[in-house]
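Below you will find one chain, with nothing else, as C-alpha cells; this is the form predicted on its own, and questions on how it binds or moves follow later.
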Amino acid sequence: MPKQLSATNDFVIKFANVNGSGSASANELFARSILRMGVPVSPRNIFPSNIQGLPTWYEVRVSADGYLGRRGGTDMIVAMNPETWKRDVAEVAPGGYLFYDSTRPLPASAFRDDLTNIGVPLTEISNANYSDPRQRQLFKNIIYVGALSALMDIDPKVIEALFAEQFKGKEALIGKNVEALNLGRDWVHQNLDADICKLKVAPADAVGNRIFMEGNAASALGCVYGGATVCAWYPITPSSSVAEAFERYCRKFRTDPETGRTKFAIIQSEDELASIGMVVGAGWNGARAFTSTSGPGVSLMSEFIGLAYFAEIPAVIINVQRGGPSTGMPTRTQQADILACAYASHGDTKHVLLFPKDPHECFDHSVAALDLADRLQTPVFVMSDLDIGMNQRICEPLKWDDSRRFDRGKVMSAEELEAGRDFGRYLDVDGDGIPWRTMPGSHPSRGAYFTRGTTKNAYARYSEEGADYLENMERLQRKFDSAKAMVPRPVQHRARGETRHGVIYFGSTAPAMDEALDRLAGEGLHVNALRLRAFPFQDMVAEFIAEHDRVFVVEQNRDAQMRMLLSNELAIDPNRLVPVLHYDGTPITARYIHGTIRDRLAQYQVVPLKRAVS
C-alpha cells in the first residue's frame, strides 16, 4: 500500500454530492473556515443545470503557497453520492483518503486498497438526533463538516464564528448548527485514531488583507462605481447574478436616504434582443448602460450590437462565458466566445474585448468598459466566464479613487454649439477616428442628427455613395486602432533563465498558469509569459511573438480561438503559435498546462537546465 499522503495546508479535497441536497452551503462553510485560519483556498463549484437530483461536485484547493488555480488531482474525496461513487473514488491519488457515510455496510469491491478509508455513520447520527426529513439532510451536511474539522485540525471556534455571521439575529439556528457540528466532531474523537488523516490545516498568516468574493458580484459593483444607471437583462446562466447583484448594490448606494427615491433603472426584459435594445437606447440618450449575458445571449443580440457599432452608440456587455455551442453546458466554464464577440454582428465589425483574470479585475474592467464605451462610442465586452463569475475567489481588495471622474469622451456642449462650432456626427476632426457627439436635447436648434443603421456621410445624412461608405468604414478602423492606447496593457512575466519559447494566456487561465510556470522553472524549463488583458492587441503582443521561436497559446476552447484572432489581426504565421487547449467544461489545471508544455518542449528537444526536484 502506498504511503499515506501527508501535507499541511497543501491539498485538494473534493466533495461529491447530489444537487438540491443543501450541500453547497456546508461545503462553502468548510472552505471559508480554512480561509479564516489564514490559509489561502480556492473553491470551485461544479454543478448540473437542473434543479436537483444530478451529481454536483465542490473542489477546494488549499495552498500554503497561495496558488489559486486548479492543481489537478484529488487527495481526499468526500463521497456522498452513490451514483458517482466509482468515478469519484477512482480519481483520488494513491495514498489519498476516502471519506464516506458508513451507516450501511459497503462491499469490499467499493474500496481501493491504496486509499485510507474513513467511514463516519452520518445518516445514523443525523437520524438519531433529528426527526424532520429536511433537517436530517441539512444537518447531515454540517455533521460531515464537523467530522472533517476534527480530522484536519480545523478550529471549531472559527466555524462557530461563521455560523454567528450567517445567522445573525437567529440565535436558534446558530445553536442548532453548532450542535450538528459537534456531533460530527465528537464521533470522530470518540471512534477514530487522531492520526488517521494526515492532511492537516494549521493557522497561518498567508491571506493578508485579501478579500473573498465572486466575479459576478465584483462586475456588478464595478458597474455601480463606473456610473452605470441602467441595466437591462434577460436571465441566463451563468450571468444572472451580475444583474441581481447590481440591483442589491444600487438599492444600497443609489437610493436617496431622505426621499427613498431610486436613481437607477433595472429591467428584466422579455428576451436578450430586447435587453440589448434597451441598453443601446439608454446609451444613445446619454446614460451609462450595460447588460449581462452569456454566449447564447450574444448570438441573439448580434443585430443590435452591429447597430450600436455602426451608429456609434456606447454599450457594455458583460459576457460570462459557458460551454457551447447552442445550449451547450450552461453550468460549465469555457473561453469559447472570443471570435463571436470580437466580430459580433454581420459585415465588417470589430469590438473591444477585456479579459479579467479574477474578481478584482472584474471590478476594474467593468469600470474601464464604461469609460471606453463612452470614449470610443461603441460596444465593449467584458469577457468573464463561469469559473470567475460564479466561484468565490481570493483577490486583492477592490480600490476606488474618489477623485476619479467619468470620461464621457467627445461630447459637444450647448455652449460650443451656440458658438457655431462645426458639428458632423461622423466627422473625424483629429485623425483618431472618434467623432464628436451630442446628447439629446443639448441645444434647441443645433447639434441634432439622424441616428441610423444604414450608410451615411460624415454629417449623418443618408448616403449610399461608395466614397462615403469607404470613409466611414476606414474611420471606424482608425477608431479601433486608437483603442489600442486606451485598453489595459498585457502583463509580461520574464523567465529566470534564457529561453526562445513563450506562452500567451488570458482570463481565468491565469491562476493555473502561475503555478504551471513555477513547475516548469523548477524543472529547468524556462518560458516567458504574456497575459493578454484586452483586444485590440497592442504592438508589444506582436513583438513578444516575434522574439520567440514558438509561442504556446493556452485557452479553454476547442478551436483555438485566441490563436486564430492573434494570427488574423497580427498577420502571424499560425505555425509559430502552438495551441494548448482544454475544453471539458471544468477549469483548466496547472498539471494539464505544465504537462502539455513540458511534453511539447521535449518534442522540440529543449534540454532542461536541471532535473525536476521531487
Partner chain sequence: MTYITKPKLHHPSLKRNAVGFTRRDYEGQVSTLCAGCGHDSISAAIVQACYEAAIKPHRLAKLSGIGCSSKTPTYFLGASHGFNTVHGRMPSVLTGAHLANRELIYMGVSGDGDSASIGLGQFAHVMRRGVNMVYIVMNNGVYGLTKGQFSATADKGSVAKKGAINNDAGIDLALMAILMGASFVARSFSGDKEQLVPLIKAAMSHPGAAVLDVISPCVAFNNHKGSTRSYDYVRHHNEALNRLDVITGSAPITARYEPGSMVEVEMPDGTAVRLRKNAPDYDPSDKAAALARIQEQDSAGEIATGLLYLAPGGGTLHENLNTVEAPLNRLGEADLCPGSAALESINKSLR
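Quick caveat: nothing in here was measured; it's all calculated off a predicted structure. Numbering follows the first chain given and starts at 1.
There is also a form predicted in complex with the partner chain; it is not shown, and the following applies to it.
**Student:** State yes or no: in the predicted complex, is some non-hydrogen atom of Leu273 no more than 4.5 angstroms from a non-hydrogen atom of the partner chain?
**Tutor:** Result yes; Leu273 sits at the interface with the partner chain in the predicted complex.
**Student:** So in the predicted complex, is the partner chain close enough to Phe99 to count as touching (4.5 Å, heavy atoms)?
**Tutor:** Phe99 lies outside the contact set for the partner chain.
**Student:** Under a 4.5 Å heavy atom criterion, is Lys157 part of the interface with the partner chain in the predicted complex?
**Tutor:** Although the partner chain is absent here, Lys157 would stay clear of it in the predicted complex, with no heavy atoms inside 4.5 Å.
**Student:** Considering non-hydrogen atoms and a 4.5 Å limit, does the partner chain approach Asn209 in the predicted complex?
**Tutor:** Result yes; Asn209 sits at the interface with the partner chain in the predicted complex.
**Student:** For the three residues Met213, His443 and Arg452, verify that every one has a non-hydrogen atom within 4.5 Å of the partner chain in the predicted complex; reply yes or no.
**Tutor:** Verified in the predicted complex; spot residues all in contact, yes.
**Student:** Taking the partner chain in the predicted complex as the reference, which of Pro296, Gly433, Gly409, Gly277 has a non-hydrogen atom within 4.5 Å?
**Tutor:** Exactly one residue meets the criterion: Gly277.
**Student:** Though the partner chain is not shown, can you say which of Pro203, Gly281, Pro94, Gly424 has a heavy atom within 4.5 Å of it in the predicted complex?
**Tutor:** In short, Gly281.
**Student:** Could you tell me which stretch in 189-197, 518-526, 69-77, 444-452 has residues with non-hydrogen atoms within 4.5 Å of the partner chain in the predicted complex?
**Tutor:** Going by heavy atoms within 4.5 Å, the stretch is 444-452.
**Student:** Are there residues in 290-315 with a heavy atom within 4.5 Å of the partner chain in the predicted complex, and which are they, in order?
**Tutor:** Contacting residues: Glu303, Phe304, Leu307, Ile313.
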